[in-house]
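Structure 1 and structure 2 below are the same protein chain in two forms, each given by itself as structure tokens.
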Structure 1
């Protein structure tokens, strides 16, 4: 699905926002680097007006931080903040799974199961490379959230937090819990198929907590090496 939303007249600020967002998430604009308004305006061949609006939206997504009269920088991600995000994800995605268990249609659940099936094939065909979690994992979570049919949940997670998560992955590297994560995903889908919202929430929260614990260990190792 190519991302070309052409419903209404797309404004320059929209294009620039999407572009910078992509460049931040993909690492072209590195964390901590300065966002110079004149420089970027010249580079993109636009004025500072739309650029400033785009930066404002980036700030709302927490992808950049801005200090008055100083400027904006690509967000630099501390381990503490990453762990905080996992707590938010645990709460929000747990609720999403609960709601999805009653809100998703049978067809959507079937689609989701098919996605997991593909993931499993990929893992079994290439066990060493370990579940190309770089997008596959987020794809799964993305669909659960969409399945909740709760527009605020969808916006919070899909439009804001997931971009941050992707940025973190580029900085900290993939978490690599391939097999276990896949199994947990399958259990969550099973609960949703059973229309068991309570169980779906419990499993999703357990899943995210496990991922968080894994990240914590990773960070501890990393800092042990660094220190």
Structure 2
């Protein structure tokens, strides 16, 4: 079968970027772990050039950090840094939900409701795997931000912070808050469907605060065990 135009334009660096990104977000590559170019080049059977390009893109996504005389490592945020991200998300995603309530078309809202229906089937069919959404259009939060139709919000939340948010959502919230998070998502969509921007913002902010509290609790539990 012939490759599609999209597949034709996917480079080795694109594939390696997507693979390492997935391994970081899903925890295969642990926070703080060293990114060894020689080891990864051997493991993936590629030259160092495409690998360096992929690592540079991961650095631009804030998933990898480089330090002089240390090299590249998977990002590892402190509790304080993570808290800052949640505060930004609460304000900006709340605004995005408010805007989406008037900016999204009826068809877009119907698609969003259908996405949540698929998420509910996922959670109910296998609760042990929690509620981890695939990226992009299969991600509820991503879809809401896109639905705001505000280019600045989209740049901040779907590019600058997006992969970091996915990383820590996966670490701290996919199982312990799965059912509750899904219900909260459904309430947000109901408010958007009612074209009630004020309620949509209120519900989104409450949802992210609850997620933040869960993350902080999980961090405290880990630190207690480690201490």
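Definition used throughout: the rigid core is the maximal C-alpha set that superposes within 1.5 Å between two forms. Positions refer to the first chain, counted from 1. What you are looking at is a predicted structure, and each value in this text was computed from that prediction instead of being measured.
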In this pair, it is the form predicted on its own that is given as structure 2
Does residue 18 move appreciably between structures 1 and 2, meaning a CA displacement of 2 Å or more on the superposed rigid core? yes
Core-aligned, does residue 149 move its Cα 2 Å or more between structures 1 and 2?
-> no
So, does residue 105 move by 2 Å or more at the CA between structures 1 and 2, with the core held fixed? no
Between-form comparison on the rigid core puts the Cα shift of residue 43 between structures 1 and 2, in Å, at 12.2
